[in-house]
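One chain comes next, on its own, written as structure tokens: the form predicted alone.
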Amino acid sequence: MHELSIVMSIIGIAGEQAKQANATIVDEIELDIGTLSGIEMNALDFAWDQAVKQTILENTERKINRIEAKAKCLDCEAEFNIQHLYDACPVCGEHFLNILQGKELRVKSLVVS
């Protein structure tokens, strides 16, 4: 379950940022998670619930923005939503794609006090 290590990294990021801001509480954390990021959301929720106990994120409100995957065909230049990395272009059927978004996994913002 790599989601646990991801949550541990998020806790570390939040702790560092709170320390830099001379804050002791993180009121809110906002995460961007792309649909192609490889994150299993149920596993993330479970890992989150267990890992944040007795940390700076224990009582933090968590907001998650799911970023839908989009790609651009390198042959016909059509842009379209995709569900999987191996999806074909719906216009020309080719598989040579540039992923424009959907692989994100980042802490977008923190509200501290």
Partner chain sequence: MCATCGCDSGSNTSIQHLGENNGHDHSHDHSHTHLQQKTIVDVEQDVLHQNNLLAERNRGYFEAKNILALNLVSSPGSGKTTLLERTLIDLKDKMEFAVIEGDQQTTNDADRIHATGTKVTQINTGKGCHLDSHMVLHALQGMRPKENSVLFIENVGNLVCPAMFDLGEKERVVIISVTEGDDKPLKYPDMFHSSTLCIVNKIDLLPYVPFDIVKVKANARKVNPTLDIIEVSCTSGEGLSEWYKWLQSKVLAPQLN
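Residue numbers count along the first chain shown, from 1. All of these numbers come straight from a predicted model, not from anything done at the bench.
Beyond what is shown, the protein has a form predicted together with the partner chain; the following relates to that form.
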| item | value |
| --- | --- |
| The partner chain in the model of the complex reached by all of Asp45, Arg66 and Leu100, non-hydrogen atom within 4.5 Å | no |
| The partner chain contact at Glu58 in the model of the complex, heavy atom, 4.5 Å | yes |
| Cys92, heavy atom within 4.5 angstroms of the partner chain in the model of the complex | no |
| In the model of the complex, Ile39 touching the partner chain (heavy atom, 4.5 Å) | yes |
| Heavy atom of Ala78 within 4.5 Å of the partner chain in the model of the complex | no |
| Contacts with the partner chain in the model of the complex, stretch 95-110 (heavy atom within 4.5 Å) | His95, Phe96, Ile99, Lys103, Leu105, Arg106, Val107, Lys108, Ser109, Leu110 |
